[in-house]
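Just one chain is shown here, as structure tokens, and it is the form predicted alone.
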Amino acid sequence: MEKAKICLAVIDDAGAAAPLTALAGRLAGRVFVAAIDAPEAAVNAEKAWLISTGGAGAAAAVGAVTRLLEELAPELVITGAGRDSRMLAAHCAAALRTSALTDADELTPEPGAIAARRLVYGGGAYKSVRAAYPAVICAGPSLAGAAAEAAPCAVLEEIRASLPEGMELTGRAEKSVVKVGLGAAKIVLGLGRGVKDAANVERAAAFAARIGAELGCTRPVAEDEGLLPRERYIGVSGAVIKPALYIAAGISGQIQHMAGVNSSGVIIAINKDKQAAIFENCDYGVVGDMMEVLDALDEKLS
């Protein structure tokens, strides 16, 4: 296995720093970090640069990151899978005259290239690809969220954030975001259309709290019905999770949703339709009304 010579990990989320830099160390001989508004991300690297944007956001650091690319000339650039990480990966790829490879869940260095496996078709299949250096990779959740040790960098330098030539920041507006812990949750209770109304959501939330579960949902529950915030939507264009236990309550099991949960350790499905697709993709299935089943479980636990 022939490693890349240099890898730059561009990190805008301190929580992903340890796994991303550990991954970089497995793929390259020398690892450097560009930490955006996250001094805690300066780990597992020969040197780290802290880019403080003053609250302007990751886009304001693009110019500084692309200058680091010119200085280091890395064969490999790694980012996480979040929205800002993907934006940064796109700019890095443009600067290196290549394209970014997203949602990678397996990476193997080869002579002059990186071999990767990634999800395609809404999470219904895997595709094996080979990207010649220089390569830009957005690590999927299974890589970006893996447990890893974090050794602080001995060398940390602060540099000014800057936009690339031709780009101007004209304004910034705060977005109301509900902070959720789906990515780190060991147990997740997912709610589908079977939840029906806000009163049932409250009952399900109480059950989730009893078992120490984070509450998630399908896209229709968040976007069509508005019963839960968008941040709790699990699926191919929402959160991708890998809890030890996932309870799918009132969820039909469409491929777009299963793409977000197929790395779960154990999946328990509850659905009153015995023909629901979810029963083909679970470890245990219960045919029944989701609220009746959750209430029965809650009674047993109490």
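Think of the rigid core as the biggest set of C-alphas that the two forms share within 1.5 Å after superposition. Note that the coordinates shown come from a computational prediction; the quantities given were computed from them, not determined experimentally. Residue indices: 1-based, along the sequence shown.
From this point on, the text means the form predicted together with a small molecule, which you will not see here.
In the model of the complex, no residue of the candidate spot (82, 102 and 140) has a heavy atom lying within 4.5 Å of the small molecule. With the partner omitted here, the stretch from 180-188, 88-96, 153-161, 227-235 that lies within 4.5 Å of the small molecule by heavy atoms in the model of the complex is 227-235. Shown without its partner, this chain lists 61, 45, 35, 270 as candidates; in the model of the complex, only 270 has a non-hydrogen atom within 4.5 angstroms of the small molecule. In the model of the complex, at least one heavy atom of residue 194 sits within 4.5 Å of a heavy atom of the small molecule. In the model of the complex, the small molecule stays beyond 4.5 Å of every heavy atom belonging to residue 118.
Taking the partner from the other structure, the small molecule in the model of the complex has no heavy atom within 4.5 Å of any heavy atom of residue 31. A residue is said to contact a partner when one of its heavy atoms sits within 4.5 Å of a partner heavy atom; residue 25 fails this definition for the small molecule in the model of the complex, lying far away. Core-superposed comparison between the shown form and the other one: the CA of residue 100 stays below a 2 Å shift.
A movement of the C-alpha atom of residue 230 reaching 2 angstroms or beyond is seen between the shown form and the other one when the two forms are aligned on their rigid core. When two forms of a protein are overlaid on their rigid core, residues whose CA moves 2 Å or more are considered shifted, and residue 81 is not one of them between the shown form and the other one.
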